[in-house]
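Single chain ahead, written as structure tokens, the form predicted alone.
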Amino acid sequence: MKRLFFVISAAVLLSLSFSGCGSIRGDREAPYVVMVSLDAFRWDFDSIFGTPVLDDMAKNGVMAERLIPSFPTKTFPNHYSIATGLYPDHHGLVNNSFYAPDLDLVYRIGDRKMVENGAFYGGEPVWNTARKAGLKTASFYWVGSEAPIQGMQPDRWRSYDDEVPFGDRVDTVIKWLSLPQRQRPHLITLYFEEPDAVGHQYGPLSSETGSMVRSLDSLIGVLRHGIDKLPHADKINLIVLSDHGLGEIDAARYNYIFDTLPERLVERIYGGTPVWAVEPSEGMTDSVLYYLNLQHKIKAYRRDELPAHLNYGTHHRIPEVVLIADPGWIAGVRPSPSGYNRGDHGYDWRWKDMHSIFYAEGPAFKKEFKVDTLFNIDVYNVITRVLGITPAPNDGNNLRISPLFREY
């Protein structure tokens, strides 16, 4: 009996020993992803302004000639599409501002209460997917990270504050990556609101935008240098991308929506140039479409007749009529175009100026490899594949991303 006890005890200890080693080994070998967004960094800024750091990333990893955004090509819908792999029509952030009849609330990107309300956000953001798989996550700003979605948020997250210097954000990410192994996040998202802000004000091809692009390129260099100094640098994968591009606009190319449309025919209108969501008064849909389509360089659609390539129009937060301005044109609800700057986005994604960037380097990716096109709904699957976790249902296409990865 005593002999049997020792045999069983030894077996149990041996089992615990192996299971413990397996857990530690798994933690040690788990890969890392740092995903950085440079808001409105257009696909061709590298050739226009020069980006030596991103060029080096392309040589050391993979890049897409262009990353195709989702419609509408606005900041909040697209950042959340990147996080979930879903079109805005499927995740519910259908514009930067919109009325949600299911909640009887208006979502606006400047309204902190709404931004932090998890009821607006459908789908499963990638930090939730990672957390469900047992991985630590962190976010230094990303659309959706400030709200409890499915009752979850990143393990570490920050409320958006554009006063925080860019260098401080990079330093914090490096500190997170330097935490003890069991506290260290394996997925980190990092957001910069440039060159969007300067591009809106001065235009996408301005010297001011060029200066910002080069500054951001250097900032990515600082981040790469900080990662390279870490003892586990060989397990870190860095992704640099953007939510959308930026096109040149001009106040001379302005349409006043109510120039032809009688206001009495509209129950509500939300959005912002170049995409407006129009809810006609009862029985007035045909009239609203008629009057709007009298105007030059804009097009109004019934939501169920929107062009198929937009993948837009089925969500209940999209009203009966959607107005879209032509590339380079603007439309508004004020009689004059005051307040509009030199650059904007939101247009049909087929306009090349709306296309953005995708660069990735690290142990998961090939070296010096380029693909012509990726879609931003593919990024979610890129991350889950690198982390080795099971993705939630999404709109991405695994065939598009499979050439990016090393074969082991």
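Please read all numbers here as calculations on a predicted model, not as lab measurements. Just count from 1 along the sequence shown to find any residue number.
Below: the form predicted in complex with ligand AMP, not depicted.
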Checklist entry - Picking from 178 to 186, 219 to 227, 264 to 272, 74 to 82, which part of the chain touches ligand AMP in the model of the complex when contact means heavy atoms within 4.5 Å? => result 74 to 82
Item to check | Distance check, His200 to ligand AMP in the model of the complex, heavy atom within 4.5 Å | outcome: yes
Next on the checklist: Can you work out whether Leu190 and ligand AMP are in contact in the model of the complex, taking contact to mean some heavy atom pair no more than 4.5 Å apart?
Outcome noted: no
Checklist entry - Any of the heavy atoms of Val115 lying within 4.5 Å of ligand AMP in the model of the complex? => result yes
Next on the checklist: So, Asp348 and ligand AMP: in the model of the complex, are they within 4.5 Å at any heavy atom pair?
Outcome noted: no
Item to check | Contact assignment for ligand AMP in the model of the complex, among Glu124, Glu146, Asp89, Glu279, heavy atom within 4.5 Å | outcome: Glu146
Next on the checklist: Using a 4.5 Å heavy atom cut-off, which residue among Asn96, Asn237, Asn255, Gln153 comes into contact with ligand AMP in the model of the complex?
Outcome noted: Asn96
